[in-house]
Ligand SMILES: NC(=O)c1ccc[n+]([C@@H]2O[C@H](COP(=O)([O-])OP(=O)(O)OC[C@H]3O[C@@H](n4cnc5c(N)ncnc54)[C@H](OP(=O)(O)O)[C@@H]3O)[C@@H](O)[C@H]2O)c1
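Take a look at this one chain, the form predicted on its own, written out in structure tokens.
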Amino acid sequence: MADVALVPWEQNAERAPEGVRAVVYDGEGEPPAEAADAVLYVVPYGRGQRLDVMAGMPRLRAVQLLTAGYEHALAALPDGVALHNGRGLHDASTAEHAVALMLAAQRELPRWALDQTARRWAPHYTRSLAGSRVLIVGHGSIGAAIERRLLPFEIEVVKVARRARPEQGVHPVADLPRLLPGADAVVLVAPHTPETEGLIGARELALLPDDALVVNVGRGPLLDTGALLAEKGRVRAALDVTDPEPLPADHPLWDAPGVLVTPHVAGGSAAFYPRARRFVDAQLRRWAAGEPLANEVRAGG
């Protein structure tokens, strides 16, 4: 009898290997009846990730997320079930968006868009990326993808991660107090953990020079929102993620000086979906062949 796997896209079901019966569930409504027999669940991508339905899958052995972050799934994960994340799937999309936010902020694209709407011709000269020093905080696969895209802009990239990797020129996060005063921009792409919550707070913002830019494409709580608002535009920000999120309509961050906000869309561009479908196909083939699945973050019992 073939193993039942819940997959989010019809293309994956059509290409499922022998030995796997792939049933489509996109997260809308109740799962199909076959969910009760599922041994592998690929959680749908997007705002409506259905983690709750795992409680109705008594035969479940492995869960595949399509996000790099996985902390949000741990509370719903049944005992003994292995968890795998989507590390690498969002590298291109998120890196592209991070660079777009930096360019938009430095070259004041929102202002020019407003001027176009108002039919106003009011030229002035802006900041630039060239010649700046940029800290990438959270130099994993996405951080490395951001670095590759920034280097052609004639930028000095300073790499920061939880632990030092001297052979790769990566500083430990403990070096931030020493590094921040010389940074023109800081890109946050670290995961949200108890250690990284509030990583950039009032103390860290105060160390940044006037007019520095903080870009957050990681998780909202990495940056202390209250501390950013207290800067009153001295330090600018370009945020794809916020704390709180979704950002309430009456939140002061919308109108804060020097702040550009996009609604947590960095990872979900058109580049993501073909990569994600190919990854799910590969995971199904591994499962059918009895091979370990890629990207395990928690082993099953």
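Computed from a predicted model, the values in this text were never measured in an experiment. In this text, residue numbers run from 1 along the sequence as written.
Not pictured, yet referred to below: the form predicted together with this ligand.
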item: Complete contact of 96, 110 and 185 with this ligand in the predicted bound form (any heavy atom, 4.5 Å); value: no
item: Contact flag, residue 264 vs this ligand in the predicted bound form, heavy atom cut 4.5 Å; value: yes
item: is_contact(residue 43, this ligand) in the predicted bound form, heavy atom dist at most 4.5 Å; value: no
item: is_contact(residue 150, this ligand) in the predicted bound form, heavy atom dist at most 4.5 Å; value: no
item: Any non-hydrogen atom of residue 240 within 4.5 angstroms of this ligand in the predicted bound form; value: yes
item: Segment that reaches this ligand in the predicted bound form - one of 114 to 122, 205 to 213, 154 to 162, 224 to 232, heavy atoms within 4.5 Å; value: 154 to 162
item: 200, 102, 190, 134 - the one with a heavy atom within 4.5 Å of this ligand in the predicted bound form; value: 190
item: Within 111 to 145, the residues that have a heavy atom no more than 4.5 Å from this ligand in the predicted bound form; value: 137, 138, 139, 140, 141, 142, 143
